[in-house]
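As a starting point, one isolated chain is supplied in structure tokens, in the form predicted alone.
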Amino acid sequence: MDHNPILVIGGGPAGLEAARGAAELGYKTLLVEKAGVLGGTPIQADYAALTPDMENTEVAMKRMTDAVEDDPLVDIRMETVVTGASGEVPDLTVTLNGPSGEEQVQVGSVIVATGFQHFDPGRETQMYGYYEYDDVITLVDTERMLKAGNFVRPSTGETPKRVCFIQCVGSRDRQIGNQWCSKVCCGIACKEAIEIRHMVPDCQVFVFYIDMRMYGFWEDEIYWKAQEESKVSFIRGIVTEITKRGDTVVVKGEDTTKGRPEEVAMDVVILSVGKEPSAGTVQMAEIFGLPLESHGFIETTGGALNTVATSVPGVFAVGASVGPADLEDSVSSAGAAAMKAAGFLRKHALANA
């Protein structure tokens, strides 16, 4: 049976897995990526290693990109964005804008894999001093240093002696409207804490948290290892302000276990920033007529038993486009969407045979 290709929007882990899965089922796939490289946020944000297994990001993502680049059923369009859509699947006309200009293509089904964006800790409030103090950085900034193999104080280039993580920056915060747990920040902080301790053995590492949220095997794979093997100190407390004193950064807050205020000096403060809907997610929702749920991600309609179906038949959404997700969630949902997109096309072809 001949079909219009399945359109996959986004070349990150979810999009790569969706394209690979659809092609393995024998369906032509059109993979559209706005950047000049495949791999999504793990590559574009220079992740050093993946959570929780700590595999080198470049190695892991190359395995995924090779799988689609070597498949003749996958048509990859780089530096290309979807700007419009008309009609209905399985004969949907989609407008693409790429290096060669604008073109229209016919697609049979759509999988939206547009990911997320990291919370900007200086956007809503300067209580963390992110744009004010060089030694206040984010998980993403830390990944870049870890990937380069050189974790230092940004202000001086010196090896830090005391480093802390502050959890839930931009997550679980009703005041700024981000009323969700971003799911991965606690695990990534533990992973990075372990890496810092390995890279700088004499550095003390602390994690200030509301409560640590470790999903599934992450509890054993990274949380306990951070405490017991890497000797990372976890302090339950609420940070209220970050200031500067001399050449150190001062973290002020309350130790909620001891029930008293705390004030500690750090060489580097790392903000565990959360996830928000990406601009691409919002744009694709508008183009394909997909409702957003109350937190601003694409709304799925199948509940817990079908996490990729949307209100538009033949259009599916995966990974962090539908809410906070770890890599395992993203890749798993992409596989499910590939199967459902292929099933949609097959059923339609049989019905019209």
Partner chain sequence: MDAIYADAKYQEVPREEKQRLFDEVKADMRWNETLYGCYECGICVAACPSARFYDFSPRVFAQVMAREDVDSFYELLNDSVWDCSQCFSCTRCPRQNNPGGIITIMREVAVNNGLTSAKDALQAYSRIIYKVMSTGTQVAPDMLQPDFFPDWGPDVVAVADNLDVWRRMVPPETLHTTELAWDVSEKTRLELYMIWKLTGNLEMIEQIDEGIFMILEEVMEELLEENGYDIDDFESVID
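Numbering follows the first chain given and starts at 1. Note that the structure is a prediction, hence the values are computed from the model and not measured.
The following text describes the form predicted together with the partner chain, which does not appear among the structures shown.
Enquirer: Name the residue from A265, I176, M199, A279 that puts a heavy atom within 4.5 Å of the partner chain in the model of the complex.
Expert: When the partner chain is considered in the model of the complex, the option within 4.5 Å is A265.
Enquirer: Which pick from F119, F165, Y223, Y128 sits with a heavy atom within 4.5 Å of the partner chain in the model of the complex?
Expert: Selected residue: Y223.
Enquirer: Check, residue by residue, if F206, E219 and I235 all come within 4.5 Å of the partner chain in the model of the complex, counting heavy atoms only.
Expert: Yes: F206, E219 and I235 each sit within 4.5 Å of the partner chain in the model of the complex.
Enquirer: Consider D255 of the chain shown here, and say whether it contacts the partner chain in the model of the complex, taking contact as heavy atoms within 4.5 Å.
Expert: Taking the distances in the model of the complex, the answer for D255 is yes, it comes within 4.5 Å of the partner chain.
Enquirer: Using heavy atoms and a 4.5 Å limit, would one call Q227 a contact residue for the partner chain in the model of the complex?
Expert: Within the cut-off, so yes.
Enquirer: So in the model of the complex, is the partner chain close enough to L92 to count as touching (4.5 Å, heavy atoms)?
Expert: L92: no, not in contact with the partner chain in the model of the complex.
Enquirer: So in the model of the complex, does V250 come within 4.5 Å of the partner chain, heavy atom to heavy atom?
Expert: The answer is yes: V250 has a heavy atom within 4.5 Å of the partner chain.
Enquirer: Mind telling me which stretch in 188-196, 111-119, 139-147, 235-243 gets its heavy atoms within 4.5 Å of the partner chain in the model of the complex?
Expert: Single hit among the candidates: 235-243.
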